[in-house]
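First comes one chain, alone, set out as structure tokens in the form predicted on its own.
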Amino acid sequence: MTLDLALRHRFPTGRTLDLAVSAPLPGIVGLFGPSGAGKSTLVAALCGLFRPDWSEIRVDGRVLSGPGIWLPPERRRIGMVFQDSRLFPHLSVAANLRYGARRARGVPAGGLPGFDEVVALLGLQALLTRRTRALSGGERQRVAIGRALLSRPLLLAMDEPLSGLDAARRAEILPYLARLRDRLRLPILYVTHALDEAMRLCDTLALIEDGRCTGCGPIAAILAGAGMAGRADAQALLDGRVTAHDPQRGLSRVEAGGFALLVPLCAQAVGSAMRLGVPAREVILLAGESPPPVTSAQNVLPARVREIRPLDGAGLASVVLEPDGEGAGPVILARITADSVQRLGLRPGVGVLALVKSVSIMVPGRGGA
């Protein structure tokens, strides 16, 4: 299964879009970039709400637009979740959800959840009789997602669904989105300009800048690539597994490829998957492979330099590190000065020790410090 999106368009202002994204399905495909880059236009074209000068759009081989083809929105079976939820304020939560179910009459379930399961997945049981205007922003978005799911879409498109929410409401709804990703095999296209959302949810990431796609691939590879290294919040993403808890020390151990990391004690069961973010600015490098003196950093990781990238005009460098002796697999990033690269004698293949504080690691549900 693949999602293939390509369009070209020239606006009367002279601004142009020339976008092409191809990503495997199922999973969550993220469109990431600043406001005005073209992300929402791409989603509108996918849904049939905007007709560009030229486009070819396919979902799992089903052609939505192409030479001589332009399916109207109602025939595309795209479940849309907007930034402002767009619920019916005069109806109850249950009635809004059933509106989505009515649109699905005659459409095979295709393994998608029914009314009761959607209510349970999104934690809506206590809200069913309430009018939507009485809900918080996070509750309204959960209802909007449920309504879209009950329309039995081929793909769920979410256009910055959390951007209008405060930090508390975003933290409330992110676990529900992660639950949908883990429970369903429904493809999801997720538009965001928030890196933490993309890291928490996405499997594939497409970078959208100034009307172009500048990179697309597995999210860990994109985050470790040159296109993201210059960001102040650059970080590596590691998919790992919880291997132990130590309540007395307040720590959990997570194995991620060749890296073994200690993180603040977490609630995930031993054996469960966990996704971690390691901010590049929080990684300290030591030359050589001798153990350091006693330090507050709980993680002292033997690693080798894979690549060094200068960060233009900043006097900084991004160092890509791989597990010592692994040769391939996950990487972490370190942001240091170009002077430090010279002082430490860093070059590809050189062994180092990477020091990472446990509290600096971004753990789902906690956020890091």
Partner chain sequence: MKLLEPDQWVAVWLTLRVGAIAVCGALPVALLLAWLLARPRLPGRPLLDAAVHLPMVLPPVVTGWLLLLLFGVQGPLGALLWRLFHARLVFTTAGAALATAVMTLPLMVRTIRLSLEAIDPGLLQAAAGLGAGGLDRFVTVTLPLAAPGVLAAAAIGYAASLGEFGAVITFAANIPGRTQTLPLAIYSALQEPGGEAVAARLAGVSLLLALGGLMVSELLLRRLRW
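Positions refer to the first chain, counted from 1. Source: prediction; values computed, not measured.
Absent from the display: the form predicted together with its partner chain. The rest refers to it.
- Stretch-level contact check against its partner chain in the model of the complex with heavy atoms at 4.5 Å: of 195 to 203, 71 to 79, 216 to 224, 261 to 269, the positive one is 71 to 79.
- Just one of R131, R253, R181, R275 comes within 4.5 Å of its partner chain in the model of the complex, counting any heavy atom, and that one is R131.
- Interface residue among L207, L135, L124, L87 relative to its partner chain in the model of the complex, by the heavy atom within 4.5 Å criterion: L87.
- Using a 4.5 Å cutoff between non-hydrogen atoms, R103 counts as a contact of its partner chain in the model of the complex.
- Although the partner is absent here, A148 is a contact residue: one of its heavy atoms lies within 4.5 angstroms of its partner chain in the model of the complex.
- Taking non-hydrogen atoms only, V63 never approaches its partner chain to within 4.5 angstroms in the model of the complex.
- Residue contact check for L49: one or more of its heavy atoms lie within 4.5 Å of its partner chain in the model of the complex.
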